[in-house]
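Next up: just one chain, as structure tokens, the form predicted alone.
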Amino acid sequence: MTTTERRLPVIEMFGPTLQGEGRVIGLKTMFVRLAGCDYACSWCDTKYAWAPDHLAKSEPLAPAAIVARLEAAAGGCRRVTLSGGNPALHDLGALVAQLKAHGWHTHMETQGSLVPPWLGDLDSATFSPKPPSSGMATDWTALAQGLARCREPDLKVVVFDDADYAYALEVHGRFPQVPLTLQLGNRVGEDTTATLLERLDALADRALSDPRLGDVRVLPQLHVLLWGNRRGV
């Protein structure tokens, strides 16, 4: 089977919807969520993408089939987000090439733990290294290499507590040239719109009073505020 024919484990495809996170928040996009992850974050809101039966629940699709489905559902949208899990686990070179040949703006969401050769072919990527509350450790070398290889990178750190906030400061200190978003942590099954907005207000106040965070964005997960913690949005 050639690289072009190699099938990818797709957990779900949906859209057009609004991008809910990072510097591209609010932009209309299609989503392709791929199965598998090299992390197991304690608060992950897409555990179905890497649960023990994730491959059995995925659909193996060739790049051409993925592009065809996107074209059929896009309704004029020309931006696609490759997500997971961690989409960088897979050889997406052929998919990215076909998407770009069809006029799509290609964006990826990843924790930055892997640096695939096709990373530089993407139009943009949001790197979301995981803070202490996730239970995961950061590979700073891989993250630095990924940011350097990407054409238009941005950083996003999820903040639940003081340790996460301190971690965000460390990320910003290591990569001050890369746009950074502090994203409020979403306690799935616990938070309501009211509690999310209350905690967002507290995080915003903290960042506003912190001179170390001059150009940093403070944002919620837009899709959670609009539609709650459900799939397909």
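One rule holds for the numbers: they count along the sequence shown, beginning at 1. Remember, predicted model here, so these are calculated numbers, not experimental data.
Although it is not shown, the form predicted in complex with another copy of the chain is what the next lines describe.
Judged against another copy of the chain in the predicted bound form with a 4.5 angstroms heavy atom cut-off, the residues 146, 155 and 171 are out of contact without exception. This chain appears without its partner; in the predicted bound form, the one residue of 142, 94, 77, 136 with a heavy atom within 4.5 Å of another copy of the chain is 77. Looking at residue 60, you'd find every heavy atom of it more than 4.5 angstroms from another copy of the chain in the predicted bound form. Contact annotation: residue 201 falls within 4.5 Å of another copy of the chain in the predicted bound form, judged by heavy atom distances.
Remark: residue 208 counts among the residues lining another copy of the chain in the predicted bound form, judged by a heavy atom distance of 4.5 Å or less. Residue contact check for residue 187: none of its heavy atoms lie within 4.5 Å of another copy of the chain in the predicted bound form. Along 6-41, a non-hydrogen atom within 4.5 Å of another copy of the chain in the predicted bound form is carried by 16, 17, 18, 23, 24, 25, 26, 27, 28, in order along the sequence.
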